[in-house]
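Just the one chain here, the form predicted on its own, laid out as structure tokens.
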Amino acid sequence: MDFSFTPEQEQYRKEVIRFGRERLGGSVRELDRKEEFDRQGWRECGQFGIQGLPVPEQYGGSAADILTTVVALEALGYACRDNGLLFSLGAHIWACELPLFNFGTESQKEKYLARLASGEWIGALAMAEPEAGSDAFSIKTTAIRKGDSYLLNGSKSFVTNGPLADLMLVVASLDPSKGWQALTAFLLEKKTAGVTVHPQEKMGLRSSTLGEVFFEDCEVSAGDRLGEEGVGAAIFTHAMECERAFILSTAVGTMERVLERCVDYAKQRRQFGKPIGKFQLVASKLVDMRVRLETARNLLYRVAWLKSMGKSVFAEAAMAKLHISESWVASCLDAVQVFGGYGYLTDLEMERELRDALGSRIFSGTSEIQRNLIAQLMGL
């Protein structure tokens, strides 16, 4: 496996870093405090081409391969301090755009994909429910056939981008008594009658919107069903494989950015007559942060390379999600400790970096679920 960048990838990576530094994240502290989404930053990303990276050119994208997409998103995480915006981008790309491209009809792609790729529209996946989180296939939201349409009734929780989403990929059951075999996916525009969204406040990633979605006799046409009846579980599984594998691409870049700040601070901050980086216990934390960064990056690149080869990455995706999320949290904890009392203050944003990282052990499948999946694939 050769993970060295091509000249084109290296040049694009530099362009992404320059774009992220110049155009994004400047007001992140205010956005975090007010729990507001950077709509202008989203549009800027659309104009630059971030949302369209893996989308074919005929639908307004740039047809980038998976590894190039991952490299670009990692670079964006390194350059942009707004982890909430980055998270919203990941959910939009991996959990909405790609399922639409892989399972949608030509008519559906022409209708929706270009709008998503350009950043004109925001996409979301509505799957989790109050009683169906980790046990994702136990959903209660129903879709009852009525002629050429379906009536949706029920609710969804923890929908990333939900309050702002123009298009939601909704998974509902044709018959809850049949379990996963009755699950069916639908493309639903938020303006559809019978849809209500309530924002949910959260600890971190506050500049990414989260919401509960309620459906009351919400009518969706059969033409907006994604795939055939009963293949919703397969569509969700495909979406989760990609999301687990790659939604933390930006986090790897963030880990590098945080490490660089800590190293600079450890060289400048003096105590007992010398830089704190000269103390072994401080240096050890920085070394651990570097090791976590490199192992996280290599796991990410490996799963991207395997996916680009057309291989199943179910186990590798779970391992990448588990390791990167745990590493991100551990490194942010170390960063707060390196900065000491200043790290606990909001001014230097280390406490925000930690709050943003903590959610990664929960979303897209908790760390416990990833361990269960890996154990099962080991035959345990």
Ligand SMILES: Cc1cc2nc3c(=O)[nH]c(=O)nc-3n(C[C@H](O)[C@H](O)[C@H](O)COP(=O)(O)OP(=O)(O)OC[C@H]3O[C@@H](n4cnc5c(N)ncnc54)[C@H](O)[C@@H]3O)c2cc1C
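Please read all numbers here as calculations on a predicted model, not as lab measurements. In case it trips you up, residue 1 is the first one in the sequence shown, and so on.
FYI, the form predicted in complex with this ligand isn't displayed, but the following is about it.
Undergrad: Kindly indicate whether Ala128, Val159 and Gly365 are, all three, within 4.5 angstroms of this ligand in the predicted complex, using heavy atoms.
TA: Yes, the whole trio is in contact, each within 4.5 Å by some heavy atom.
Undergrad: Hey, in the predicted complex, does Asn372 get a heavy atom within 4.5 angstroms of this ligand?
TA: The answer is yes: Asn372 has a heavy atom within 4.5 Å of this ligand.
Undergrad: Can you work out whether Ser134 and this ligand are in contact in the predicted complex, taking contact to mean some heavy atom pair no more than 4.5 Å apart?
TA: It does: once this ligand is placed as it appears in the predicted complex, Ser134 has a heavy atom within 4.5 Å of it.
Undergrad: Taking any heavy atom pair closer than or equal to 4.5 Å as contact, tell me whether Ile122 reaches this ligand in the predicted complex.
TA: The answer is no: Ile122 has no heavy atom within 4.5 Å of this ligand.
Undergrad: Within a 4.5 Å heavy atom cut-off, is Phe246 in contact with this ligand in the predicted complex?
TA: Phe246: no, not in contact with this ligand in the predicted complex.
Undergrad: Given that the partner is absent here, state which listed stretch (151-159, 302-310, 285-293, 261-269) has heavy atoms within 4.5 Å of this ligand in the predicted complex.
TA: Among the candidates, contact is made by 151-159.
Undergrad: Find the only residue in Leu210, Leu76, Leu183, Ala239 having a heavy atom within 4.5 Å of this ligand in the predicted complex.
TA: It is Leu210 that has a heavy atom within 4.5 Å of the partner.
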